[in-house]
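In the form predicted alone, a lone chain appears below as structure tokens.
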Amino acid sequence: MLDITSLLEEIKQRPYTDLSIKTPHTGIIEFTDLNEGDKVKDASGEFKEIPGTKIAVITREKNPRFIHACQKGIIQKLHKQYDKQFVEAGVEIGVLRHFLSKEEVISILLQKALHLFRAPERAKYYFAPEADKKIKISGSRSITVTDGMELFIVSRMKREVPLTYHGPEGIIYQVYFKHNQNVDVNEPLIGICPPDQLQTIEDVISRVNHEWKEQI
């Protein structure tokens, strides 16, 4: 059984993730006036249409392309030895430290604590009619699943086939797929909470909601 309380304490000791900033393709790289230790913003706007902070520009065949921060955080490293130099695709030009939000911490805890039932192929997924009706009325946590239960409909290339759930018994605590959107192979569809873990998970999530303070 996972000790979710200990996992939360581990996250508190390292409440961030370091993201490598890499070149999207070959070209000549030129950094903006950012320096190590500077704060950056991620994309914003209702549809994330406003790009994050500009970190560098890479030019290939006279076509410049900005490299933007994909998350908010603090620039830990900038490899400015590449400034105005030709670089290959996938070269690390910096490191961004992103401090975890409350929602991200909860997501990490749940992905560790729950049994994740994953997509066997890239397709669109729907709940079977009986389960779908109950979820729309009472929510996903009203459903208790058992091994061998016909729970999904898989829709791909104009064919629809049933998909059986295989795994431990429990409630559907988290739904990861959206209606009418493709899910990649091995991505989680649902997270199942074992009955003996339910109260512990609820208590830890309540702690995160009340105590977690994002550092930037």
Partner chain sequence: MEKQHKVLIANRGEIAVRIIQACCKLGLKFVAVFTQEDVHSGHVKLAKELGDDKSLYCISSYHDANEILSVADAAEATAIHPGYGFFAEDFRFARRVTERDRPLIFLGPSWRVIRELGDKINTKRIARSLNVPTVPGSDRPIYDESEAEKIARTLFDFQLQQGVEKPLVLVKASAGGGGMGIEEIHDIDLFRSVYRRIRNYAMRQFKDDGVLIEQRIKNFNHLEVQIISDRSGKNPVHFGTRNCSIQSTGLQKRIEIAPGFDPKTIQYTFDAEKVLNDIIEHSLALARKVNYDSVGTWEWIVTKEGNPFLMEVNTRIQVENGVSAAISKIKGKGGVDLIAEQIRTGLGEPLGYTQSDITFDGIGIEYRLIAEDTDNKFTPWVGDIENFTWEKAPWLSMHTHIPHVTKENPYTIPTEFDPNLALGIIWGPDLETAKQRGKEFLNNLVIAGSNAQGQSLKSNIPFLLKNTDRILKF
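Numbering follows the first chain given and starts at 1. Just so it is clear, the structure is predicted and the values come from calculations on it, not from any experiment.
There is also a form predicted in complex with its partner chain; it is not shown, and the following applies to it.
Among heavy atoms of Arg122, some come within 4.5 Å of its partner chain in the predicted complex. Within this chain, Lys41 is remote from the site of its partner chain in the predicted complex, having no heavy atom within 4.5 Å. Its partner chain in the predicted complex comes within 4.5 Å of a heavy atom belonging to Val185. Looking at Arg156, you'd find a heavy atom of it within 4.5 angstroms of its partner chain in the predicted complex. Proximity to its partner chain in the predicted complex, defined as a heavy atom within 4.5 Å, singles out one entry of Thr164, Asn63, Asn180, Asn35, which is Asn63. Contact with its partner chain, judged by heavy atoms within 4.5 Å in the predicted complex, is confined among 67 to 75, 129 to 137, 81 to 89, 94 to 102 to 81 to 89. Residues from 12 to 28 that approach its partner chain in the predicted complex with a non-hydrogen atom closer than or equal to 4.5 Å are Pro24, His25, Thr26, in the order they occur in the chain. Relative to this form, in the predicted complex the C-alpha atoms of Val95 and Asp184 approach one another by 3 angstroms or more.
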